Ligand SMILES: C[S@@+](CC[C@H](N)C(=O)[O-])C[C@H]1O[C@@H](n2cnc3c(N)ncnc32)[C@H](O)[C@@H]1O
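Single chain ahead, written as structure tokens, the form predicted on its own.
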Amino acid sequence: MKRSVKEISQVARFETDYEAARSPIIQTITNNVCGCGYVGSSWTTRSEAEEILKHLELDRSDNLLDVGAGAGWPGLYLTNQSGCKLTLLDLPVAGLRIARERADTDGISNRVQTIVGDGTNLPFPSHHFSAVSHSDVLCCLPRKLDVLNECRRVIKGNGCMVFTVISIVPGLSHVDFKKALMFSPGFVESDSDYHSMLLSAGWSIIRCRDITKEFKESCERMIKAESEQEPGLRRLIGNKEFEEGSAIWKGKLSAIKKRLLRRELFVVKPS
């Protein structure tokens, strides 16, 4: 499917971000925020990864699909802990290359494959995967229902999907909505809420947990970590980029505190 200019631009930005994330300075910031020890691109913390692992109940006989996998966090951690087979799918090649290198380093490359692909048109047969995960991915994609439909197609009848997602709180005034939009991922807007989309795509919602409090705490850690790394970060990305980035994080934190943005964790199974 042909992608829009905005989508193409987003993929290019992620390519650059993944390469920059390998810097020791960015790695220090990521580890302070998420406690993951991986090159990260989502807000998923170590404790959230443990929660995802608990819900998926993976073992060596399972095969997990991580959609929008970035540089491999938390997918690589999930397979490292469970022993399951893992497929990492995303469009930015830089992230998948980093994930492959990490799989080699961890000695798990024999059960990890990386695929360049689009979540709206998954290159896999139906009923292929035991489990599916994605971390803060749907809020970065315009065709959310298409992704949910494709995930439903490729999962086995007894499978489980767990994902986190950022959204704008419904019912805001026009002014508050615009502020929330300003500090949200690129494609956060949706014509329908996630509960409705999941039901439409053939999923049963087992659990939905509001993790906005954890989101706020992660944002606070990000601001603190970047402040602590300010001299090196300025040298790495430039003064203008640092100032703009700091303003964005503070605006995002303000939007979260005012309950303009929320983050949720969904556990769903095929209907």
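For clarity, every value in this text was computed on a predicted model and none was experimentally measured. Numbering starts at 1 and runs along the sequence shown.
The following text describes the form predicted together with the named molecule, which does not appear among the structures shown.
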| query | Any idea which of 153-161, 169-177, 106-114, 91-99 reaches within 4.5 Å of the named molecule in the model of the complex, heavy atoms considered? | reply | 91-99
| field | Contact test, all of 132, 149 and 270, partner the named molecule in the model of the complex, heavy atom 4.5 Å | value | no
| task | Indicate whether residue 141 is a 4.5 Å heavy atom neighbour of the named molecule in the model of the complex. | result | yes
| query | Hey, in the model of the complex, does residue 194 get a heavy atom within 4.5 angstroms of the named molecule? | reply | no
| request: Give a yes or no for residue 137: in the model of the complex, does one of its heavy atoms lie within 4.5 Å of a heavy atom belonging to the named molecule? | output: yes
